[in-house]
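Okay, so here's just one chain, in structure tokens, the form predicted on its own.
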Amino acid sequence: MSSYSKILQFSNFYYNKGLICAEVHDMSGAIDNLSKSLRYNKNNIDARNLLGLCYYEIGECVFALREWVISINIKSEDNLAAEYIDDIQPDITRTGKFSQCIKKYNQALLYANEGNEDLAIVQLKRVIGINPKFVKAALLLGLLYIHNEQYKEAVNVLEAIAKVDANNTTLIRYLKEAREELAKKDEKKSKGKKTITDDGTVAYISENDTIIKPSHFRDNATLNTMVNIIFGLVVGILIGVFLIVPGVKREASRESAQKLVDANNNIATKNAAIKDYQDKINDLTKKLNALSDSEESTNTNMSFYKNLLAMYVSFNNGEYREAGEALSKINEDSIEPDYKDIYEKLKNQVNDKYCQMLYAEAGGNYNQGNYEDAIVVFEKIIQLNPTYGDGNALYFLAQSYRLTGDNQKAITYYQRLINECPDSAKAANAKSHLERLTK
């Protein structure tokens, strides 16, 4: 068996494993196996399309879109990826649910990093309300619940998302911890409860001790004891009337005055708390308004990444014209500073190959006397690289204008060649033509 056949067999083997995992809702396992399948054969369309569906199932629509775009570039006809993209197109617009989910998830992550866990939980609830299958959002919400000791809520969220990705290791770890803490909490509540035994006694369990209180108490005292008790009660009443009651009245007056002071203090405290809550509401309103302003930038970023991905795929496939055209559609203002250097390197590589192809096309038109067609292509070249070919693109552009009778533009480009490439081999010829045209 040839090495190539073995490679294809390995690719199909991991594709079948990924398909089995996807059928039992093991999305993490499916993504891992399908990624291995594509390492062996990047042109395995079925594996790539299924990988996109798995990403879509766990709420990662950007990764899903990436796989489907690559799939379409490999095979443009009779490809299910085109239908998948058309189906989710309304959901990836500025107001689509996926854009909303990504925006709110990123904001929740920012809140969590800043310590504003309450705001993060509110945002994550909104995300899951929009897309209940967004695994990353559910995991973050479960983690915040665990951190806040809301173990029951954490278990509910994590068990719901387990139906989507049953074997996610992070999910399993969080769920185990939440269940263990919830069990400890329930065990503590069970201690100290009151129970009534069969003989009518009442038992209290406190830590490891059991305290039993009899349900009945019988007094077997004699008549003499009863007389003494009655006499003691009479004396006690007299003492209370003449000695205790006046003191009780004074204490009651003092307590009433103190309660009035406490009530005033409570009112002042509540007013301060109300003002604090109002300030928090105003702050939240400002943050939500700021989030609305960022919606337009999200749509711009989506267009940028789609064009960048199309350029990268075309360049890798040797389709330099398509790569160059995709590059021309990219808005460089939307590039993040961290990726500026990488983008510039890729841009230079694409422009170099694109200019080579355009220069060969323009030279063919020039040699055949198709000067107007040559002008169009040479103009594209100098827009990408004004000094391409050590000024040759400028020189032949000027020549094409001169040969079509447009002397004014010919003079302009001869002068540019002399100014920008004074040491080039064509600079002397440009000076000669310029002198003849300006006499």
Partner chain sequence: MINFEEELKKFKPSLEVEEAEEAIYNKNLDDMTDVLQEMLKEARRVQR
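Residue numbers count along the first chain shown, from 1. Remember, predicted model here, so these are calculated numbers, not experimental data.
Just so you know, the form predicted in complex with its partner chain exists too; it's not on screen, but the next bit is about it.
For the candidate set 159, 319, 186, 117, a heavy atom within 4.5 Å of its partner chain in the predicted complex is found for exactly one residue, namely 117. This chain appears without its partner; in the predicted complex, the one residue of 307, 150, 131, 99 with a heavy atom within 4.5 Å of its partner chain is 99. Heavy atoms within 4.5 Å of its partner chain in the predicted complex map, among the stretches 228-236, 137-145, 349-357, 322-330, onto 137-145 alone. In the predicted complex, every residue of the candidate spot (65, 103 and 181) has a heavy atom lying within 4.5 Å of its partner chain. Under a 4.5 angstroms non-hydrogen atom cutoff, its partner chain in the predicted complex has residue 70 among its neighbouring residues. Under a 4.5 angstroms non-hydrogen atom cutoff, its partner chain in the predicted complex lacks residue 437 among its neighbouring residues. Its partner chain is not drawn, but in the predicted complex it has a heavy atom within 4.5 Å of residue 42. Within this chain, residue 109 lines the site of its partner chain in the predicted complex, having a heavy atom no more than 4.5 Å away. Put simply, residue 279 and residue 112 spread apart in the predicted complex: their C-alpha atoms are 3 Å or more farther than in the form shown. In the predicted complex, the separation between the C-alpha atoms of residue 273 and residue 109 shrinks by 3 Å or more relative to the displayed form.
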